[in-house]
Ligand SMILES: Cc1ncc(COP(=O)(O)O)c(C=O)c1O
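In structure tokens, the next block holds one chain alone, the form predicted alone.
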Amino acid sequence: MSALNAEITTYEQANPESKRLHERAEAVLPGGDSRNSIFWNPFPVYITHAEGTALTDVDGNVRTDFVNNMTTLIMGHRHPDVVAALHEQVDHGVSYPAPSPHVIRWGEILCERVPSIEKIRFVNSGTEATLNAIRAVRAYTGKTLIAKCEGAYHGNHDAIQISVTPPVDAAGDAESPDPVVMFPGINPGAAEDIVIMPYNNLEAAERIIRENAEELAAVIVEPINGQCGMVPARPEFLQLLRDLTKELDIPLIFDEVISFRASSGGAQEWYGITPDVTCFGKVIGGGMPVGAFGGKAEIMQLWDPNSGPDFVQHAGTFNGNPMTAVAGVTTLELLTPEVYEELERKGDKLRQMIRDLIAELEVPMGVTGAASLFALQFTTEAVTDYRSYATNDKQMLQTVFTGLLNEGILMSNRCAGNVSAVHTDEDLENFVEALRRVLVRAGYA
């Protein structure tokens, strides 16, 4: 029996009620699922309770959470201050047909902390944030073309669901990647409105941006690429994008839906590089559905209904709703510079312990990440972009993911994770020892 099959057998035996629920879900949900990022074979676990770093499922299994709802729960599950704020707001109402005062404080905090933000608008997901940011720069410039990096996920909408995880043999030359529509149903014309750059490749990025400068409405980039395994941008790569877009008068968008974890001012403060527009999600909502986009006042002014007949329309029943606002304000106020320093210390420690284990067991793999973010890479190549990420051994990835589930550890289904403020050093050490046991079962010792 292969190591993967052995781990799956153990998993199925330990999770019979989750298996039963998944079979029931398949009768009403395609694949039993409404969210691919939390789907995995043979079936996902079904959670009944979460507290701090611990997740309890329907079979009574308790796992340490290193996903935190895809990087969202930076203060862990059910932080008492966030729970209290939500309880208080429930007593006053969960949504209103007019603004609540909380949304003002929410916006003030982000404008104070994030170097690029002069004005901001709230939405309900990171996807909506990037969709509206792209609409903003297109309205501002009167141009359509967007430049993005190969292997970057910027949300689930047609304008940007191009070349996220393309088959390498269909993606063209690594120095000049072809735009690849990701799946059926996306408007084929979307690929004509985007140019693809290799991540962290300065020469190729400069050439591609200069060649398309007259038509570019914006360049969008993740300072820390989540899709490829929390891969940080080289500082000189981000600086090139900033210098080049300024020279050519092209708006630069930072997608900080994930990377806002890096510091109180996000990855742009961490790197010391300021974009024109920034997209947010995840941590800014304290665990509630959230997104936001903001930037230079002259760009954001396009959304002001009093700015004239050509203002950009933007509605949304739950935009800036009071439940998300109070959870977001409470979480951001908890996130002091000292908390961020401790998060980075724990992230650095965990990545180093994983590197030490890999060296000790001589496993052909690596670890990537920055600040409180990390990912396991099952390749001997240094992962710096999509093409190097694509060399991962997918069977080994699934083996380790399933094995860690069996060891009481939950990562994302791509073996990416993050540290929360409530993880302890003991949690980090337990993670590494669990990984050791899985790797030994896979044949490394």
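The structure displayed is predicted, hence computed values, not measured ones. The first residue of the shown sequence is 1; numbering continues from there.
The form predicted in complex with this ligand exists for this protein as well; it is not shown, and the discussion that follows is about that form.
| query | this ligand isn't shown here, but in the predicted bound form, which of 89 to 97, 153 to 161, 209 to 217, 260 to 268 has heavy atoms within 4.5 Å of it? | reply | Of the options given, it is 153 to 161.
| is_contact(residue 368, this ligand) in the predicted bound form, heavy atom dist at most 4.5 Å | Heavy-atom contact with this ligand at 4.5 Å: absent for residue 368.
| task | Tell me, yes or no, whether residue 282 is in contact with this ligand in the predicted bound form, where a contact means a heavy atom of each within 4.5 Å. | result | Close contact exists here: in the predicted bound form, residue 282 approaches this ligand to within 4.5 Å, heavy atoms only.
| Might residue 125 be said to contact this ligand in the predicted bound form, defining contact as any heavy atom within 4.5 Å? | Residue 125: yes, in contact with this ligand in the predicted bound form.
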